[in-house]
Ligand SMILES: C[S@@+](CC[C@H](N)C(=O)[O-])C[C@H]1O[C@@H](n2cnc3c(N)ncnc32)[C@H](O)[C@@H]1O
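In structure tokens, the next block holds one chain alone, the form predicted alone.
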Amino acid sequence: MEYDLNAIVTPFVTSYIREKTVQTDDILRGLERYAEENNIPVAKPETARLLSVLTKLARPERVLEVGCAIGYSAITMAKGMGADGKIITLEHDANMVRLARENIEKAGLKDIINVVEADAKDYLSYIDEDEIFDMIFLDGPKAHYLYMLDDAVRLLKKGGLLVSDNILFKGMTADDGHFARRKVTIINRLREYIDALMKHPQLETSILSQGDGITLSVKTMSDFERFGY
């Protein structure tokens, strides 16, 4: 059975949320139009708004993003960070890297966002633990999330936030009745990834039905670390 595009949240709820989630930033609104016209996947409007709220709330100084595309999410997060914030965003597609760098320069954020052309699964393993991040946003190849988890946790500071997008994958992750057989590998790996998040001894995770499904995971501290023992 082919998946139902409205399998996660009913259409009238999605319509209502998106009607209220008005994008007022000219740069980001332009990127939304470009992505739609060119069939480039970017974060859903409600997910982008959540990213904006999270960065303004947590005020991370260092963010790592996996999956830059045209720079939409990176720009969204950068606008929510302090002036001293830094984002490293990874993208393997050379054309997307070029577009992202152009968009980031137009947004006046080239000193904050560094686009690295790399395969994230390999690149993460090379990052030294001294380069710790306050927030990590996974929005790259969904089938690779599971293989990036150990490095993501290693590179996340205690109390830091790991955000993973497209977790419910148009409802397919949650229900075999909304399952596209050609997506079986991605779905099985996403299910394994969610299980790994929920069972991980260093993470506390919440699954949200926002957009295409998103998880928020906090890297927890032990009681000894929390109380300074």
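All residue numbers are counted from 1 along the displayed sequence. Keep in mind it's a predicted model, so treat the numbers as computed, not measured.
We do not show the form predicted in complex with the ligand, though everything after this point is about it.
Taken together, the three residues Lys183, Tyr193 and Ile214 all stay farther than 4.5 Å from the ligand in the model of the complex, as judged by their closest heavy atom.
The closest non-hydrogen atom of Pro41 lies within 4.5 Å of the ligand in the model of the complex. Put simply, Met96 is close to the ligand in the model of the complex: some heavy atom of it is within 4.5 Å. Taking non-hydrogen atoms only, Val63 never approaches the ligand to within 4.5 angstroms in the model of the complex. For Ile127, no non-hydrogen atom is located within 4.5 Å of the ligand in the model of the complex, even though that partner is not displayed. Of the listed positions (Ala143, Ile132, Val153, Ala118), a single one reaches within 4.5 angstroms of the ligand by any non-hydrogen atom in the model of the complex, namely Ala118.
This chain is displayed alone, yet in the model of the complex one of Leu168, Ala69, Val163, Leu50 has a heavy atom within 4.5 Å of the ligand; that residue is Ala69. None of 153-161, 118-126, 78-86, 100-108 except one has non-hydrogen atoms within 4.5 angstroms of the ligand in the model of the complex; the exception is 118-126. Shown here without the ligand, the chain has no residue in 182-216 lying with a heavy atom within 4.5 Å of that partner in the model of the complex.
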